[in-house]
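Take a look at this single chain in structure tokens; it is the form predicted on its own.
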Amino acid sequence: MYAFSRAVNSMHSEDIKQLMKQASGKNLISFAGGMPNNDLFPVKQIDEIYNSLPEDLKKLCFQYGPTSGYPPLIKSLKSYLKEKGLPVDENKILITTGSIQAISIVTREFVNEGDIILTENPSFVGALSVFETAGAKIHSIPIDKDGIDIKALKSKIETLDRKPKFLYVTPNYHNPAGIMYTPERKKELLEVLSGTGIILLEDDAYSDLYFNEDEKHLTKPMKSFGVKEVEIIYTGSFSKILGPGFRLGFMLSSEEIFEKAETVKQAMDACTSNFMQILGNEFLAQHKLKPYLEYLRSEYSERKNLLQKHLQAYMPKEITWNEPKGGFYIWLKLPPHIKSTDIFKETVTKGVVFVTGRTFDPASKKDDRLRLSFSNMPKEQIEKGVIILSETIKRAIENSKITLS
């Protein structure tokens, strides 16, 4: 949703109208949706949970709840986060309406128009939309396969004329780049921020979706490292697990930050849906999450493997990417003279869509990348979609060679 709205804004509206008209009536093959596949949702488990609730709890589902969150869910979340090594006893949990609300709350709490925020480049488009709406000045730092560029981050902090309010990062199975920060890079990042007074906003929506159990330890949150010299606000979401429609997210922060954040949330929506919080809590408390996550990891790993196989089979040698170890995304790199928006304009007429690289650039300029999501894609459509995309890219490369010659 966020990616498409920003992508549309980066193109002329008349171009979009014409493209969608050409594509109308076609059954689109979409690599665009950064969301779970509808067939994977735990519908049966949720049916069983609701039907087994006592009458008084069913009634409570329809009522207002505390702004900070449904107390039994907070208790269940503490256990869930403690397993990740997070310091839940020294911090406070705020239940939010999706993790995007947590990002919005932090932004409202700390940012005035014209204030500086640091982000990765590329960066999660939903967060960029929040920062842009707040009138922040966004300074972005490039990332590589191991995480944020430490040298570039140091240089940026040293050359700015005032202190940024916070640095926003998505270290585990990055959206859109699909990478995960190495433990060494996480430590280096904390060393750079230590003593600067710059808050670290650690957004962690995908860490449960690793493909290899042996690599689970690599998803360890930075807030669990015990670094006292850096203020870290940790946010998470159940949107990529239970489903986006639950609108269940959370933030873990110091008590001082929590108190102001609770006031900001009160002014936003009073409370997150009691209905969804109660269902989410029962899913956790009844120990249904672990087996469901095992099922999801298997499904997403299979989809990733199919996409990886077909990309290797059909993509021209000029196209490169890093194979993800979890999450939803593969981030393709095009030759520098090929624009992903031009590729999109052609593939959409053939019934294939994805999200262009410039959508994730805070400056909406860098356009030599494109994001493919395998999470929402029906498995039987992956090969056909890759063939159409690959043929389009091959033609663009051949045409560029003719033009350059």
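One rule holds for the numbers: they count along the sequence shown, beginning at 1. Model, not experiment: these values are computed from the prediction.
Below: the form predicted together with another copy of the chain, not depicted.
| said: Just to be sure I understand the contacts: of C271, V227, L296, L284, which is the one whose heavy atoms reach within 4.5 angstroms of another copy of the chain in the predicted complex? | reply: Looking at C271, V227, L296, L284 one by one, just C271 meets the 4.5 Å heavy-atom criterion.
| Here the chain is shown alone; which of M222, I198, I157, I100 has a heavy atom within 4.5 Å of another copy of the chain in the predicted complex? | Selected option: I100.
| field | Segment assignment from 59 to 67, 347 to 355, 333 to 341, 365 to 373: heavy atom within 4.5 Å of another copy of the chain in the predicted complex | value | Among the listed stretches, the partner-contacting one is 59 to 67.
| query | Thinking of D144, A152 and I397 as one candidate spot, does another copy of the chain come within 4.5 Å of a heavy atom in every one of them in the predicted complex? | reply | Answer is no for this spot.
| Q308: heavy atom within 4.5 Å of another copy of the chain in the predicted complex? | Looking in the predicted complex, residue contacts with another copy of the chain do not include Q308, since no heavy atom lies within 4.5 Å.
| message | At 4.5 Å between heavy atoms, is P244 in contact with another copy of the chain in the predicted complex? | response | Yes.
| Taking heavy atoms and a 4.5 Å cut-off, does K240 contact another copy of the chain in the predicted complex? | Close contact exists here: in the predicted complex, K240 approaches another copy of the chain to within 4.5 Å, heavy atoms only.
| request: Using a 4.5 Å heavy atom cut-off, state whether T133 contacts another copy of the chain in the predicted complex. | output: Judged by the heavy-atom cut-off of 4.5 Å, T133 is in contact with another copy of the chain in the predicted complex.
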